[in-house]
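First, one chain by itself: the form predicted on its own, in structure tokens.
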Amino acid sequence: MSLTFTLDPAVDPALRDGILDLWADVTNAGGSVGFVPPVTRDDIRPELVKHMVAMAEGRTRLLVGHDEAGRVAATAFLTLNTHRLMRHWLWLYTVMVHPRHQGRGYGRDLLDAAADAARTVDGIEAIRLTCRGGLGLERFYASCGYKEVGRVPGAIRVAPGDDRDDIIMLAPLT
């Protein structure tokens, strides 16, 4: 079994709701995707709307992985740089695999599909992302070809007294 990935799918209510469900489920399982648990779909909706506006403006592309049942099982948003000196790399945001699929290699598949998608954009030479320290995510990304290129200690406040490092990772595409 594997996921089926689609770049730039048409966003309809079913896809939107699938992404909201995925994002809430990942967050509530302890995933590091911009929120801390507990969250609801309504908590996440404004952030998804921001991504969708950027998609409509052509600044962001959506990569979605569906499982064998047709459910949204993984996502990543590829965001282009608008700064004229940084247009040779893009950001990867909101990299998620549903908790029910953890341990099956789907995270690695998602990153491979994101790299393939980035290669379709003229002039893109690398992918950059950030991850929250304290969860071992940097080891996972490193195993997928990303290199830690920066770290801001304590930049992410998960809760009072629980500050985490903001880790910057880069994967060359060449």
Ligand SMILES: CC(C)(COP(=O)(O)OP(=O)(O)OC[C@H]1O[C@@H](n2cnc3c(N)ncnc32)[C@H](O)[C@@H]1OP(=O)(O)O)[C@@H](O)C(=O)NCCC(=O)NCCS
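Only a predicted model underlies this, so the values are computations on that prediction, with no experimental measurement involved. Note that residue numbering begins at 1 and tracks the sequence as displayed.
Note that the form predicted in complex with this ligand isn't included here; everything after this is about it.
Although the partner is absent here, Tyr141 lies within 4.5 Å of this ligand in the predicted bound form, judged by heavy atoms. Although the partner is absent here, Gly70 is not a contact residue: none of its heavy atoms lies within 4.5 angstroms of this ligand in the predicted bound form. Contact between Gly123 and this ligand in the predicted bound form is not found at the 4.5 Å heavy atom cutoff. Though the partner is left out of this view, Leu135 does reach within 4.5 Å of this ligand in the predicted bound form, counting heavy atoms only. Proximity to this ligand in the predicted bound form, taken as heavy atoms within 4.5 Å, picks out 126-134 from the listed stretches 113-121, 126-134, 58-66, 35-43. Every residue in the set Val97, Gly105 and Arg108 has a non-hydrogen atom no more than 4.5 Å from this ligand in the predicted bound form. With contact defined as any non-hydrogen atom lying within 4.5 angstroms of this ligand in the predicted bound form, the stretch 51-84 contains no contacting residue.
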